[in-house]
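Take a look at this single chain, the form predicted on its own, given in structure tokens.
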Amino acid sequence: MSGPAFRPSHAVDFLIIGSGGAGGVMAKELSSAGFSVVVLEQGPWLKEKDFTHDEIKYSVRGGLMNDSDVQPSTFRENDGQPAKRLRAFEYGRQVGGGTVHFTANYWRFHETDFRECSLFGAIPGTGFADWPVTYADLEPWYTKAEYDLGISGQGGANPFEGPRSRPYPLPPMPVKSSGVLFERATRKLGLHPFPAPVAILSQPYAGRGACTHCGFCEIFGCEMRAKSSTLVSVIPVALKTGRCELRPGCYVRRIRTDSQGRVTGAVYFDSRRREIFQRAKAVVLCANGIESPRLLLQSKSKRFPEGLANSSGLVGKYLMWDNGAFASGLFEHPLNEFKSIQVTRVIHDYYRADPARGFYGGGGIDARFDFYPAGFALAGLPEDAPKWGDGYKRMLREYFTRTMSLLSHSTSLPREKNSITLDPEVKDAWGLPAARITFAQHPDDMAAMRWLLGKQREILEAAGAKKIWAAPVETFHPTRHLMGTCRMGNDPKTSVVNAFSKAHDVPNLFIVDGSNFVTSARQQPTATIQALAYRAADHLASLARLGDLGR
């Protein structure tokens, strides 16, 4: 069921571009509020029968992510370098977006994350700033997201978390071997482990079945509908309203505006590459932290010569993404971590920045196993492992069942020079400019990752690991958690959207996704993206009822 069939010439109340973490929420909330909605999604509409446990298809070839052959990107570390073609970022490319295949960590940001600039002061070489919203502003919407989607966790277990108005709707997932070892080790070190909050059902919920612990979770779609993606949670609710039409296979090339500077709809290529213009009274852009600014830059006109909603010149600027460090340990007895979900225990003891460390930054650390058999054979063993032969086979057999890893999720500072622009030479399969990424790590971010990696080694030692190995953080190449490229703020000169994700320059254009982020906190942005989406949808609906859209 795709919902009603609106004519492209019919101006629907809201045209939503993207159906991922934010787009799915916006579709459900706006259609449930009584408005006509069309959702354009560039990827396919997959169902449970389409998901398999094919590691090569999903883990190696990225079957649920953007295809760099048809959507190339280029990368450089500074604007003095030539940009080289590189798979520089990844995002979910199907109905439900990245929520279909993500690990499903679902952390709320901390209260201090929204006012760190006031707490720590300016950081040289960055656009470090406070958010125009607070944790208290978002708390009701975090709660609504947790109950609408189905989140498993234990409220109050994280001593560093902000106040909660309600507990999680579902109890935490069962602890894995890695979680038990991590919990014992961190408590021995005086730390405070807690059950990982995840967007996965620990019990049946809202007509969906609980997780069966098949082990094929991260990077894979869930054929059991237990992962709380927008595909299986809020999008079906939107379609049942009879006011939301979902169109997969639609690649948007431009958002159009009229002579007064209001958006009038979007031009897109359908699955047969026909060019279609869908009219709308308002546009809600939820394409992600790369594709949203790319589309705005493509949508330049006489009135918006530098790109749509870009009078500040900040569309595409302040790109932030998933920094962190990864360490693994070998244990005496089998852990069999290949079973069930990736993460069951986390610590936030090192989350808050501490000036005494000599740099800005902090992070959360979780215990996990991020490998499937083929991937582990290629990249899971330590550097000193034999590369072939009987020794390699013996080591692979021993290590695969006895290894666990720790992943830190650390800060990524907003730097104006870290950006997404349009590549002047490389085109995608539709003839549109490819995304050009310019990115270099801030020294504080590198220092934070090195410091956290030391803490990860300490924890593995305390857990009793026989052998510990880790790649240098200098080799870490971020690709996900795309944030910051259409930042929110109260001043149109220093931000792209206001506190409700409304574009400063365009009265009926709303940009709602990770691009709104002012700072990165400690990654895991999905809960905050969706809380912001629920808040924005409530505001949009109120404006529309009052007839204030487009003024």
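On a predicted model such as this, the values are computed, not experimentally measured, just so you know. Throughout, we count residues from 1 along the sequence that is shown.
If you look for the form predicted in complex with a small molecule, you will not find it shown, but the lines that follow are about it.
Across the proposed site, 41, 91 and 99 without exception bring a heavy atom within 4.5 Å of the small molecule in the predicted complex. Checking 170, 463, 219, 280 against the small molecule in the predicted complex, a heavy atom within 4.5 Å turns up for just one residue: 219. For the options 346, 252, 314, 151, the one in contact with the small molecule in the predicted complex, meaning a heavy atom within 4.5 Å, is 252. Taking non-hydrogen atoms only, residue 488 never approaches the small molecule to within 4.5 angstroms in the predicted complex.
The small molecule in the predicted complex comes within 4.5 Å of a heavy atom belonging to residue 22. In the predicted complex, at least one heavy atom of residue 291 sits within 4.5 Å of the small molecule. At the 4.5 Å threshold, heavy atoms of residue 484 stay clear of the small molecule in the predicted complex, well away from it. Only one listed stretch (283-291, 159-167, 134-142, 412-420) carries heavy atoms within 4.5 Å of the small molecule in the predicted complex, and that stretch is 283-291.
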